[in-house]
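One chain follows as structure tokens, the form predicted alone.
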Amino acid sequence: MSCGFEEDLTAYVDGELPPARRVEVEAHLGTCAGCRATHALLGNAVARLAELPAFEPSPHTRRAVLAKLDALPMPWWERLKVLLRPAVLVPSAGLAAALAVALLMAGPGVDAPPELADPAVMELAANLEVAEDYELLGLDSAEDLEVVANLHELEEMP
């Protein structure tokens, strides 16, 4: 069957179509042999299903079926829906943004001068105050630098 009424036949048989569409389907059934055959099959199936005895699963069977359904893996689209919920997405996006800002702030960046990678320059920067005092006093040996560093340590003690 390849006409546009194919999808409406089940709803027609079940009595679920709006009145206007129901009239259209009834008119179409008078002209389309394929839809009449499908309508007859659907009507026969519904009538045979109505003849079956009612089935009521036992509580044990019901629990077993529900447990098996719960054990099924979640389809990818359901997992995606869970991840895209605002309760998950908003905090995740905020955390990612905070992490990105922290990485940008902590990293040397592309504008950092290459001499910052030199350990001697980094040590000098850490002891800049000591080095400035060393130059102000006009000292000229490494032992004098150690004396100036000790003086700074004493100065910081309460």
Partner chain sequence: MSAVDVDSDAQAMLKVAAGDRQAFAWLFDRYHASVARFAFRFVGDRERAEELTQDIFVKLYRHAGAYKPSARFKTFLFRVATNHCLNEVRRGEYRVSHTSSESPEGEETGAVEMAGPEGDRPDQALAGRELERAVGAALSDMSARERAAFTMCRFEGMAYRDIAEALEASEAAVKSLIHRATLAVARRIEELQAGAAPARSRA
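Numbering follows the first chain given and starts at 1. If you're wondering where the values come from, they're calculated on a predicted model, not measured in any experiment.
Although not depicted, the form predicted in complex with its partner chain is the subject of the following passage.
- Of the candidates Val65, Ala93, Ala33, Val101, Val65 is the one whose heavy atoms come within 4.5 Å of its partner chain in the model of the complex; the others do not.
- Proximity of Leu84 to its partner chain in the model of the complex: non-hydrogen atoms within 4.5 Å are absent; the residue sits far from the partner.
- Contact check for Met105: every heavy atom lies farther than 4.5 Å from its partner chain in the model of the complex.
- Interface residue remark: Leu72 is counted as part of the site for its partner chain in the model of the complex, having a heavy atom within 4.5 Å.
- Of the heavy atoms in Leu29, none are within 4.5 Å of its partner chain in the model of the complex.
- Shown without its partner, the chain has Thr38, Leu41, Leu42, Asn44, Ala45, Val46, Arg48, Leu49, Glu51, Leu52, Pro53, Ala54, Phe55, Glu56, Pro57, Ser58, Thr61, Arg62 in segment 27 to 63 as residues with a non-hydrogen atom within 4.5 angstroms of its partner chain in the model of the complex.
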